[in-house]
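First comes one chain, alone, set out as structure tokens in the form predicted alone.
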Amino acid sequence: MTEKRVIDARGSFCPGPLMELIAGLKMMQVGEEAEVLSTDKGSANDIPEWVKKVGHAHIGTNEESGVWHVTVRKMK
């Protein structure tokens, strides 16, 4: 398994972080993980909801010093 792809969307506001994740997923292989870094608190809810809706896996979300880390695994 390769390293986690980091998508740095800090400073971007909804729907920016989600759009950056969608673009990143298009370049990833099934089974790879991406970690979105976002300073927009809405990403903590919006990204997991979208991921579930489209069939990918939400691995986890945590906040460190005002930055949300949302980890997703590409499932299809």
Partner chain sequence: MKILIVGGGMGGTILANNLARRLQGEVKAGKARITMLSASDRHMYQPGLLYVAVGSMAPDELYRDQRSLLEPCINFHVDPVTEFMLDANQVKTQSGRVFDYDVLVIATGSRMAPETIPGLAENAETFYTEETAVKMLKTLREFKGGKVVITVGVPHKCPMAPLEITFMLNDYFKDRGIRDKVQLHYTYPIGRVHSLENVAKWAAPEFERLGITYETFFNMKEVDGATKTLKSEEGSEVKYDLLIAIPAHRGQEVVEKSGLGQNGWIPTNRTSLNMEGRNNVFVLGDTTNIPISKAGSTAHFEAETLGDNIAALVKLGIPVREYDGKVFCFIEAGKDRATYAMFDYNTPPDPKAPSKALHWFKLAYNKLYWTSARGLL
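Treat the numbers as computed from the prediction; the structure is a model and nothing was measured. Positions refer to the first chain, counted from 1. Whichever C-alpha set is largest while still superposing within 1.5 Å between the two forms counts as the rigid core.
The following text describes the form predicted in complex with the partner chain, which does not appear among the structures shown.
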| item | value |
| --- | --- |
| Residue contact check: residue 60 to the partner chain in the predicted complex, 4.5 Å heavy atom | no |
| Touches the partner chain in the predicted complex: residue 22 (any heavy atom, 4.5 Å) | yes |
| Distance check, residue 54 to the partner chain in the predicted complex, heavy atom within 4.5 Å | yes |
| Residue 73 within 4.5 Å of the partner chain in the predicted complex, heavy atoms | no |
| Within 4.5 Å of the partner chain in the predicted complex: residues from 3 to 17 (heavy atom criterion) | 5, 8, 9, 10, 11, 12, 13, 14, 15 |
| Displaced residue check between this form and the one not shown: residue 15, CA, 2 Å or over, core reference | yes |
